[in-house]
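What follows is one chain in structure tokens, specifically the form predicted on its own.
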């Protein structure tokens, strides 16, 4: 369980929150602190006060993968194979084992054709898939996804969900503007300018958002609203 207690960072304040294992969607209007929230959980930001722990361990002790909306901002290498290999090399994994793991993960994802290419030759969607493979190759316990799906077509989203499902991550926390995708998750968090307003199953959260733009379109069609 991810436990958050008395968390404060600038305007974001979360008195208490428990995030169980599974796939958690984070939704809400722009400016509500969603990215800040994800970066705090990823350990990329340090809270002004409060704690974030995972089964009693500090968040910085937990292996975490992170993918944001603009993968170009975090690219370290020119070639796809080298980019995906980076987390393993930073951990001191041998060259032979690293290459073996890279070849395995791109093959499982059906993206082996990308491995020898230069990142600058890839489309935006392909770069996002490479960023996702880079984030999961070290088998993180927590996978943080900050609107990485914003520029993906449905086929790429489906492929990404398959990669995530096979990643072994115990916690997947995903900020998204795709309410249908959020509705398919195990739990949903709704943030507003007031802070964390709602937390629960998709049914529990979206039933409170029925009259808003955050209510899934497919649910509107289903309900005839």
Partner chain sequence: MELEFVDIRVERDYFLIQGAGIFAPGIHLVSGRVGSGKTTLAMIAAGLKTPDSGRVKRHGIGSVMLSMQFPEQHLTGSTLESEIASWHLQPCPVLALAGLPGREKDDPFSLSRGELKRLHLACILSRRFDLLILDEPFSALDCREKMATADRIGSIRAGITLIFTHENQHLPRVDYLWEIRESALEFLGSVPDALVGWKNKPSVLADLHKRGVYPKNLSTADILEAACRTHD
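Bear in mind that the values here come from a model prediction, so they are computed numbers and not experimental data. Residue numbers count along the first chain shown, from 1.
A second form of this protein, the form predicted in complex with its partner chain, is not displayed here; the remarks below concern that form.
Proximity to its partner chain in the predicted complex, taken as heavy atoms within 4.5 Å, picks out 151 to 159 from the listed stretches 82 to 90, 97 to 105, 136 to 144, 151 to 159.
A heavy atom within 4.5 Å of its partner chain in the predicted complex is found for exactly one of 180, 186, 58, 63: 180. Residue contact with its partner chain in the predicted complex: residue 74 places no heavy atom within 4.5 Å of it. Residue contact with its partner chain in the predicted complex: residue 113 places a heavy atom within 4.5 Å of it.
Residue 197 falls outside the set of residues with a heavy atom inside 4.5 Å of its partner chain in the predicted complex.
Its partner chain in the predicted complex comes within 4.5 Å of a heavy atom belonging to residue 31. Residues from 190 to 205 that approach its partner chain in the predicted complex with a non-hydrogen atom within 4.5 Å are limited to 193.
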